[in-house]
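One chain comes next, on its own, written out as structure tokens in the form predicted alone.
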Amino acid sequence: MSSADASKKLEEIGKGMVQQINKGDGPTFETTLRTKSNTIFDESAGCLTTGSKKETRKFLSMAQARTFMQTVAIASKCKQFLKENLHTSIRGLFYQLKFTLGEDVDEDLFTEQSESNGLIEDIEVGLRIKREDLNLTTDRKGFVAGEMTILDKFGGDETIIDLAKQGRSGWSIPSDVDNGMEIKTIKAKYVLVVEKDALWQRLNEDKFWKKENCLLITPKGQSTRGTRRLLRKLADRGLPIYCLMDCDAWGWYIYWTIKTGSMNLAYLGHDFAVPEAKFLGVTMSDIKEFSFLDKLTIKAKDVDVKRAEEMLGYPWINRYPDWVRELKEVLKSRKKIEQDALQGQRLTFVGEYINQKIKNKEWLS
């Protein structure tokens, strides 16, 4: 979304409130409820999204006046950022608005960042806009290596970034991969998402992405908004998305967040979800197929067992028989296995494992 389009959406909030005041009514702001009860699984899109329940904030309400004022202040400040063509983090926004309301009023507009964070999300869902379109940035964490070039328009300069020439560090995925950034060329045939940075470095050292003509991505744990949005854009270009995660509570959660989105960001729906993603491993069935792994399992923790039980109750997961079998095996054996175990036989085995899994289509949907 262009800065002009984003500014127009913010202006429409203000114009609507002015019209309400001119009619003698108190100004209001409507947004969609971001609650668990209003989060649904969209069958057609294959991801979590928000339902139809709405919430109306009113200025002329003792219970809502403060929140209403804070929401308007955030919208006004974001419009200023767009006008000045400047970016800041959500922490920076908090400090821009953390001020005393008046010389004789011992009250801050915001006292905790958690207040402003939630209202930013209200504006996102209320205006159907991403915070990145409002010049708000988030932390960077993911890295990429592979045959892809990016045109990056930043700070008045245009730079072509070749992801195949980023050395051992790879290209750091920014928080905004939409505005001022364009994918110019992709020669890769698929995308491999590796949960842990250490294993990504192992594969990068082997030049796995070059040998197998793929894009090698690590979110370094839970995926950031920028990483998830990039995966969506790559999937839209027809690239298969394969994920290599731990067989434990966190690995499952990271994968399903990529695949169906999260409850926290359900209001962004398909823009931040990749229903096409496949779970390559590691899986409990790998223990039977690769005998050396049997000695490298770890006792499942209570959190792993609890998570497996919860997942079996999710309709968007228990529809897949292969996942039901996988989770039931975890509950039965009380074991888990980390992706790092693939290096137990020899360091270069990881690449062979990935190739076999993809070639034989041995993945979980």
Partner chain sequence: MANATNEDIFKQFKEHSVAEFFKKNRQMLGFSGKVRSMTIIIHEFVTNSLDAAEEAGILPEIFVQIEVLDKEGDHYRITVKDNGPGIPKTHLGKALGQMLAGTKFHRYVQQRGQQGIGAAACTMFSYLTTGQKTRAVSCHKGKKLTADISLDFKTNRPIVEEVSEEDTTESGLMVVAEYKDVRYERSDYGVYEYLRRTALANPHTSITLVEPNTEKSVFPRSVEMNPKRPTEIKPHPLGISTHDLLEFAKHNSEYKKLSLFLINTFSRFSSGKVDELRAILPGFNFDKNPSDLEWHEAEQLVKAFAGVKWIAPATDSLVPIGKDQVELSFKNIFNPELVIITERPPKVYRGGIPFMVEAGIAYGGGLINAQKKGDVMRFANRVPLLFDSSGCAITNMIKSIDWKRYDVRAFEEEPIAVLVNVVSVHVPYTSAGKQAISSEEDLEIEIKNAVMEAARSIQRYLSGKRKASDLANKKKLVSRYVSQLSGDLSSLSGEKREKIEKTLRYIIETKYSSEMGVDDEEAKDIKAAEKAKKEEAESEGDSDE
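Numbering follows the first chain given and starts at 1. All values derive from a computational prediction rather than experimental measurement.
Although not depicted, the form predicted in complex with the partner chain is the subject of the following passage.
- Note that among 174-182, 260-268, 288-296, 149-157, the stretch whose heavy atoms approach the partner chain to within 4.5 Å in the model of the complex is 260-268.
- For the three marked residues, 278, 302 and 336, no heavy atom of any sits within 4.5 Å of the partner chain in the model of the complex.
- The closest non-hydrogen atom of residue 190 lies beyond 4.5 Å of the partner chain in the model of the complex.
- Although the partner is absent here, residue 46 sits far enough away that none of its heavy atoms falls within 4.5 Å of the partner chain in the model of the complex.
- Residue 25 belongs to the set of residues with a heavy atom inside 4.5 Å of the partner chain in the model of the complex.
- Among residues of the shown chain, residue 229 is not one whose heavy atoms approach the partner chain to within 4.5 Å in the model of the complex.
- Proximity to the partner chain in the model of the complex, taken as a non-hydrogen atom within 4.5 angstroms, holds for one residue of 204, 283, 223, 135, which is 223.
- Taking a 4.5 Å heavy atom cutoff to the partner chain in the model of the complex, the contact residue among 319, 328, 66, 53 is 66.
- Residues from 165-192 do not approach the partner chain in the model of the complex: none has a non-hydrogen atom within 4.5 Å of it.
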